[in-house]
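Next up: a single chain in structure tokens, the form predicted on its own.
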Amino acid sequence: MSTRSGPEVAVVTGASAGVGRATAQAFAKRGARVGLLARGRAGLEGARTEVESFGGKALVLPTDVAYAEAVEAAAQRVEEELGPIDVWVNDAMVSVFSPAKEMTPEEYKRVTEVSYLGTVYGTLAALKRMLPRNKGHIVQVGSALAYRAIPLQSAYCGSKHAIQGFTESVRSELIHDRSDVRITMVQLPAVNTPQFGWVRSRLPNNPQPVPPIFQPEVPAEAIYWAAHHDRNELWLAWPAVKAILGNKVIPRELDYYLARTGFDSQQTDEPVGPDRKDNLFEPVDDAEDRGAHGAFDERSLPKSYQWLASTHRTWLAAAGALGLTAAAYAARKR
């Protein structure tokens, strides 16, 4: 956690919509200064308005994280205008819903450049500034798909797996150097974000997150918590925990299970419209602000009890110990 006397400075990539947008709000509610990186100008301006309404200060930085020089330039502007960066959150992503046999090399390249290399470039920009000060926290926004891949999202799943390996390597190096800079990966469940309305898709029906679905404020609060605690990794919500642990125990069985269920569970019953646009190469929210939430508000959960338990495990252990002590005492009195 930062020891500065003034407001905390955070950078959030993918801040124009979805989890990144909600994360910017979470920092702003605590009075942070927030650098907002994304491509969509309308979404960025909407995020700026929200940050300022919550009491924070925002710096809008239209940035395609697929370009290392653009990320570096944005980091420099943040430090010049907001101050030294305390927290860097890597959340920017794109995806393609498609069978691998129908994907193009250009699509794989683009998803990898944004979702994986964008995280690498953000991490490098943050380390360049944090290491000389020997403080700061980098948070990678991951997914249960970093451990358990699903059909129809091979490019995105591959990127999340890559982020997992990259992050573990960097963490080991920081430990070796006895650095006080921290790096954490938060593995998310399905989240109600606008991405399902603008992701590139070859599915016959509109894409959807695999239920159960959580509101973006749930991961946003988890990301903020992770940025201020020393955890290697945070698994958010029981569906993510189940997928990660299940893949360790029955990976082959899950391959067959997902072959049966993974196609239908990622689609609604509504056919894709003829005028559907996607944001793979160009932003969809350049003229229209989509906000943090997607189209699944009525089906989305506002909290995760698993996350509450995970972040209060010391208290739960103490309560369990007290319970056992009380039970033992009662048994002796009989």
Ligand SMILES: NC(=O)c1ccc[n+]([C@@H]2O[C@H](COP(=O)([O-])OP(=O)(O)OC[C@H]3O[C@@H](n4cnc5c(N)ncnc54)[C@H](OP(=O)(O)O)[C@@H]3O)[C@@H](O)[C@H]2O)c1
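Note that the structure is predicted; figures quoted are calculated from it, not measured. One-based numbering along the sequence shown.
Not pictured, yet referred to below: the form predicted in complex with this ligand.
J.: Check E50 for me: does it contact this ligand in the predicted complex (non-hydrogen atoms, 4.5 angstroms)?
T.: No - in the predicted complex, heavy atoms of E50 and this ligand never come within 4.5 Å of each other.
J.: When the contact criterion is heavy atoms within 4.5 Å, does T167 count as touching this ligand in the predicted complex?
T.: No, T167 sits far enough from this ligand in the predicted complex that none of its heavy atoms falls within 4.5 Å.
J.: A15 versus this ligand, in the predicted complex: is there a non-hydrogen atom within 4.5 Å?
T.: Taking the distances in the predicted complex, the answer for A15 is yes, it comes within 4.5 Å of this ligand.
J.: Determine whether any heavy atom of V19 comes within 4.5 Å of a heavy atom of this ligand in the predicted complex, and answer yes or no.
T.: Taking the distances in the predicted complex, the answer for V19 is yes, it comes within 4.5 Å of this ligand.
J.: Is it the case in the predicted complex that T63, T193 and P209 each bring at least one heavy atom within 4.5 Å of this ligand?
T.: All three within 4.5 Å in the predicted complex.
J.: Just one of I85, L234, A155, M93 has a heavy atom within 4.5 angstroms of this ligand in the predicted complex, so which one?
T.: The option sitting close enough to the partner is M93.
J.: Let me know the one among S304, Q266, S300, N279 whose heavy atoms come within 4.5 Å of this ligand in the predicted complex, would you?
T.: Residue within 4.5 Å of the partner: N279.
J.: What stretch, of 167-175, 137-145, 253-261, 120-128, brings heavy atoms to within 4.5 Å of this ligand in the predicted complex?
T.: Flagged stretch: 137-145.
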